[in-house]
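To begin, one chain is listed below as structure tokens, in the form predicted alone.
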């Protein structure tokens, strides 16, 4: 694969300028998705290479205890970060499921968000954690709640002159329980049949907070709004778990493809979410 144009910016400002000047060029970071798709697509007109751009890398605590992750931060840094382990453990868990160690060393969180595949391993987690995507352009910086960022199958709210700069995860309530599950054909290096991530919080025997992100059950990563509504305000226990599973049946229409069937996807995600509710209902859960 060859491109007619290539630039490797030395700063975010240079990267934004290059992106705005060449909106038809691809932005390359870890290139793990690009290399897989290269034989199936025409050579790009040009490349804006932001791999390892220092201003786009790193994990840090910011105002209010939020965690900001630079878009070019590789997954291996997410896996090994003590800050992620303490504040967003389900993101570290999902990152461990992203390919082999070589892929984790190259692939980036910004690439996962940019590709916006319905089977992107980190994306249901970003939904459950209520993450925000920071975008930069010549017009300035804007922040988009990740729940509003995917707009369809591999389409997003990213404008042609914008660059993904960072992902910010707000501080969760200390009593919230974070849960994550991926189901594939094997235990490692497998594309998902379904994924589910949840943040659930119980006070005085009732659920007071519920965010559930799902992957591989729609044309984009989605929040399970119906299941969340069935959980919030309800008492802990089997009845609420059953109600959440029933709500999923009403709101999801998974597809059948080479990896799985629609009935299997629905039944599996119902069972996973049901277990999430029961796990958060258990006495060992923070409350």
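Positions refer to the first chain, counted from 1. Remember, predicted model here, so these are calculated numbers, not experimental data.
Below, we refer to the form predicted together with a small molecule, which is not included among the displayed structures.
**Asked** Judged by heavy atoms and a 4.5 Å cut-off, are 194, 242 and 260 together in contact with the small molecule in the model of the complex?
**Response** No, none of the three is in contact.
**Asked** the small molecule isn't shown here, but in the model of the complex, which of 84-92, 208-216, 161-169, 139-147 has heavy atoms within 4.5 Å of it?
**Response** Partner-contacting stretch among the options: 161-169.
**Request:** Find the only residue in 27, 67, 248, 230 having a heavy atom within 4.5 Å of the small molecule in the model of the complex.
**Result:** Checking each option against the small molecule in the model of the complex, the one that comes within 4.5 Å is 27.
**Asked** Can any non-hydrogen atom of residue 101 be found within 4.5 angstroms of the small molecule in the model of the complex?
**Response** Close contact is absent here: in the model of the complex, residue 101 is far from the small molecule, nothing within 4.5 Å, heavy atoms only.
**Asked** Would residue 224 show up as a contact with the small molecule in the model of the complex if we use heavy atoms at 4.5 Å?
**Response** It does not: once the small molecule is placed as it appears in the model of the complex, residue 224 has no heavy atom within 4.5 Å of it.
**Message:** At 4.5 Å between heavy atoms, is residue 59 in contact with the small molecule in the model of the complex?
**Reply:** Judged by the heavy-atom cut-off of 4.5 Å, residue 59 is well away from the small molecule in the model of the complex.
**4.5 Å heavy atom contact, residue 97 to the small molecule in the model of the complex** = Output for residue 97 is yes: heavy atoms within 4.5 Å of the small molecule.
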